[in-house]
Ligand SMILES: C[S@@+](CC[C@H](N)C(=O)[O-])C[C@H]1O[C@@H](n2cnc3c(N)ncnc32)[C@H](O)[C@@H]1O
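A single chain comes next, written as structure tokens; it is the form predicted alone.
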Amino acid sequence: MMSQFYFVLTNPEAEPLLKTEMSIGYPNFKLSYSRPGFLTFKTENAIDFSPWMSRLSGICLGKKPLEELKSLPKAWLWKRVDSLSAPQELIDLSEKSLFKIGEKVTLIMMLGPEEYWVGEYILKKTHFQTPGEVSSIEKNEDAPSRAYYKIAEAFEAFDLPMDSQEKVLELGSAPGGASLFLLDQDLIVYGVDPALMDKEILKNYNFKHIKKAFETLNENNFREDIDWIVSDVNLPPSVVLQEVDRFLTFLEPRGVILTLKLHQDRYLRMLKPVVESFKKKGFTTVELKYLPSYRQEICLVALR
């Protein structure tokens, strides 16, 4: 039987979690060649391969010479580090290549000077339409925290159906990174956090600061319907999910967007049951995605 090789692109901070996930979900896969942020695995059986802790994954076609790559009809080019200087022919090829949702993408992965690997994957709706799943979110100098980029990436990847003036309950909002992005989308944000918010956020008339721990809130604190629950709070997933479950007993949001911190291996084992639990609560779409700006964390999106 011929062996099948797969590749994974992830952020170096997530590699330990990825390897743990592989041992749990793909026990027959053996780690092959790897560099920081790039890993390949060997298995005897070709299967549907999509680990949660990967920015991108697919079939690995191996290491290829530059001359062979120049003859490709179309391909995207990803560089492992920005400092690598790619041949102009590959840059031009990447820039002129277009791929549609559902189409097979050929990805050239430049790992070092004159070291090129090739992979293939099917372009999904939730993929960033960029080589190597690099974030397309522009830098915002006014963003108070990294949470701005996380919610912006979730918004783009999942094409979140947030409508103007819908109400968002943000758990653990300080200092206001995610709040800023949500306000920029013309949403009304109820930021729950006893800590201080950025002064510019507080000036926005669509922002309401509930200066309390979200664990203390109950149905009596809400006189209006809440359309979305958002959280990027730095607490264990078990705590966050328990509180979200409690809010769902008296709120009926259209969607829930959570960044779950996975600082311990055991939290990986929670993810599949968590997805099923949201489906049982009436959410028809429940997905997990590792976003480009993430470290040891994952995004959960649940939509009714």
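All values derive from a computational prediction rather than experimental measurement. Start at 1 with the first residue shown and count on from there.
The form predicted together with the ligand exists for this protein as well; it is not shown, and the discussion that follows is about that form.
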query	finding
Contact residue in the model of the complex, from Val105, Leu93, Ile188, Ala174 (heavy atom within 4.5 Å of the ligand)	Ala174
Partner-contacting position among Met110, Leu169, Ala154, Ala147 - heavy atom within 4.5 Å of the ligand in the model of the complex	Ala147
Heavy atom contact within 4.5 Å of the ligand in the model of the complex, the stretch among 95 to 103, 127 to 135, 113 to 121, 214 to 222	214 to 222
The ligand contact at Leu235 in the model of the complex, heavy atom, 4.5 Å	yes
Distance check, Lys261 to the ligand in the model of the complex, heavy atom within 4.5 Å	yes
Non-hydrogen atom contact Asp193 with the ligand in the model of the complex at 4.5 angstroms	yes
